[in-house]
Structure formats: C-alpha cells, structure tokens
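Below, in structure tokens: the form predicted alone, a single chain.
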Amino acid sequence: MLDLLRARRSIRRYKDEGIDPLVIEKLREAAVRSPTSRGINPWRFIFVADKPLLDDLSRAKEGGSGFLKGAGLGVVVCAEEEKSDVWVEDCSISAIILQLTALSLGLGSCWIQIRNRMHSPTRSSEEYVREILGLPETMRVECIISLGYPAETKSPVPAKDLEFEKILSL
C-alpha cells in the first residue's frame, strides 16, 4: 500500500483508449467496498464512459475540470445527504479508494471537486452536474474522479519534500 501512496499523482492527460470492462468491474467493486460510518453506505457512484457526456461534465466548473473530456471514464461520487450526517467523509473515503485501486490496475486518476464549487457566477457545479445527469435535488455531488490510461508520467514526491513536521508524536 505504501508503494501505491508513493506512486499516486494527479494525472490529467490520458491516452485515447477505452478502459477494459474487467478493469471497470474491479473499480465498481472497490467503490462499494468502501467503508462508511455505521455501515450506512449513503454514497452513489455514476460511472460515465460516454464521450459526449464526459465532455458535458468536463464543463462542471469554471476551471479545473476540462481534462475530464479526455478521460476514458469519469466516476461521479454523490450521496443521499439525508441518509448520513457524514456523507462528505464517506464519499471522500470512497473516492481515494477508487483512485488507489485505479493506480493498482494501471490507470491514472484525478479528483475534481464539485461540492462548494461554481459552474458559473450564478450556478453551482452541483446544480450543473445534477441537471446533466438527471439527479434529484436531494442527491449531493462531492466530486468526479477522472480515470484513464496515463499519457503523462509524474515522479513520486521526494521523501525530503514531505511535511513530517506536521506530525506530532507524544
């Protein structure tokens, strides 16, 4: 696991290549195996491989989501807010599990924050994504994870650059 954490980097450029359906099935399993508070499982995952829909979703934010249009897959991580008071945490845990599983399967990924972000000066990113996907207003959207075979290589962050001073040992 530590080797995965060392290797994980945000990948924003992908090869123009579809993702093997067996790999997608493994990602789906990883998503629903994610732990949640009290086993409530408030999250929902929308796996999007449709290129025109990925293109639409790539415009979810004013900036920082355009690379989704080049991904082989986008996973919208959302939740039924009324089911759990810690849906944000549960969604966040599942998102990083998706990213680490993707890396272990040879994929690159990047988190695209949606909650508390804006699509335009008058419209939230959540509203935009809900409309594009036909989701009810009660469904909250935490993020979108872009996934694909990397078209860029990034070196691990050197150990000397890690912020160990932020760890307190008592």
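As the structure is a computational prediction, the values presented were derived from the model and not from experiment. Residue positions are given as counts along the sequence shown, with the first one as 1.
Just so you know, the form predicted together with a small molecule exists too; it's not on screen, but the next bit is about it.
Novice: Is it the case that F45, K69 and G72 all touch the small molecule in the predicted bound form, with a non-hydrogen atom of each within 4.5 angstroms?
Specialist: The answer is no; none of F45, K69 and G72 reaches the small molecule.
Novice: Exactly one stretch in 119-127, 34-42, 132-140, 59-67 has heavy atoms within 4.5 Å of the small molecule in the predicted bound form; which is it?
Specialist: Among the candidates, contact is made by 59-67.
Novice: Would you mind picking the one in L103, L54, L27, C110 that has a heavy atom within 4.5 Å of the small molecule in the predicted bound form?
Specialist: Among L103, L54, L27, C110, a heavy atom within 4.5 Å of the small molecule in the predicted bound form occurs only for C110.
Novice: Answer with yes or no whether R9 is in contact with the small molecule in the predicted bound form, where contact means some heavy atom within 4.5 Å.
Specialist: Although the small molecule is absent here, R9 would touch it in the predicted bound form, with heavy atoms inside 4.5 Å.
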